[in-house]
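Here's a solo chain for you in structure tokens, the form predicted on its own.
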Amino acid sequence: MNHWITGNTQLICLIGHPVSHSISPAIHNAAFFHLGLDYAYLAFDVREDKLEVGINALRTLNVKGFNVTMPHKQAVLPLLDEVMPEAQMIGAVNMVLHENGRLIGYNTDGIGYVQALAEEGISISGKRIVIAGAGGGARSVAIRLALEGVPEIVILNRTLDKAEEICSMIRKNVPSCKAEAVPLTERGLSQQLMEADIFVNSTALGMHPYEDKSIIEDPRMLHRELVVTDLIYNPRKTKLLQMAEEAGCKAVNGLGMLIRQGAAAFKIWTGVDMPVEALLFDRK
């Protein structure tokens, strides 16, 4: 089916800095084309000091909605009219619906991560999960994992207060989950990984311009039973995931999470299920 831009085409977009690496436009536009929906998806590079101006512009242009990526997932909250309960708990928004003049914030990152693991045949039941980083992605994943019944989560971050903030939120809302904040040091990470079942890198190490970096420098920190996941999807195989595979670990990149969180957002914007299985993605 032909897909032409018309006078009625509704705009959905991505805002963040940087955004040139994003494949969200390709995913959503392919889905619109497949379903014959009159939408278009674009990526806009919006710097931190221009966020409020950018949000006001999107409101004025009457966009149907937009995704929010780093570094705006938390800063965008006070600029919205309403924030859904899970996103409030997380303290971060990754997608916004523009409805009747109101900007409504959601967070689909965490459910996207959980669904991506399930697609890889990885169970989170009864698992001890260690997360490096305490930004918007870490908050989303940690809180969703707690809500899904994970019994123990450890968050390591150089600024301990940020990790403790997430853990306090988990302890308050999901008391059955043991949440611990630990300073992010090489020794601290090594100690936590010894008893971890799943490791999550939510830092930018491994993504442009840090492709030659890894949150783990010594591969001996990785044991064969450990599942190593990276929220980064470009490059598909970060230095961390290369090390994990060489150590015999199951390695999972962030593309599955991107697709599944995008599918959840797609349904909120359009009212239609994203045809994920009909779209071809090379996730390796």
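Remember, it's a predicted structure, so these values are computed and weren't measured experimentally. Rigid core here is just the name for the largest C-alpha set that superposes within 1.5 Å across the two forms. Don't overthink the numbering: it's just position in the shown sequence, from 1.
Unshown form predicted together with a small molecule; subsequent notes refer to it.
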Original post:
Contact between Ala134 and the small molecule in the predicted complex at 4.5 Å, heavy atoms?
Top reply: yes
Original post:
Hey, in the predicted complex, is Thr159 touching the small molecule, heavy atoms inside 4.5 Å?
Top reply: yes
**OP:** Look up in the predicted complex whether Leu205 has a non-hydrogen atom within 4.5 angstroms of the small molecule, and give yes or no.
**Re:** yes
Original post:
Taking 4.5 angstroms as the cut-off for heavy atoms, does Ile215 touch the small molecule in the predicted complex?
Top reply: yes
Original post:
Just one of Ile232, Leu222, Val252, Leu240 has a heavy atom within 4.5 Å of the small molecule in the predicted complex. Which one?
Top reply: Ile232
**OP:** Name the residue from Val228, Ala31, Leu258, Val46 that puts a heavy atom within 4.5 Å of the small molecule in the predicted complex.
**Re:** Leu258
**OP:** Look at the stretches 137-145, 186-194, 121-129, 82-90 and give the one with heavy atoms within 4.5 Å of the small molecule in the predicted complex.
**Re:** 137-145
**OP:** Compare the position of the CA of Gly135 between this form and the one not shown after a rigid core fit and state whether the shift reaches 2 Å.
**Re:** no
Subject >> Rigid core superposition, Thr238 Cα moves 2 angstroms or more between this form and the one not shown >> reply: no
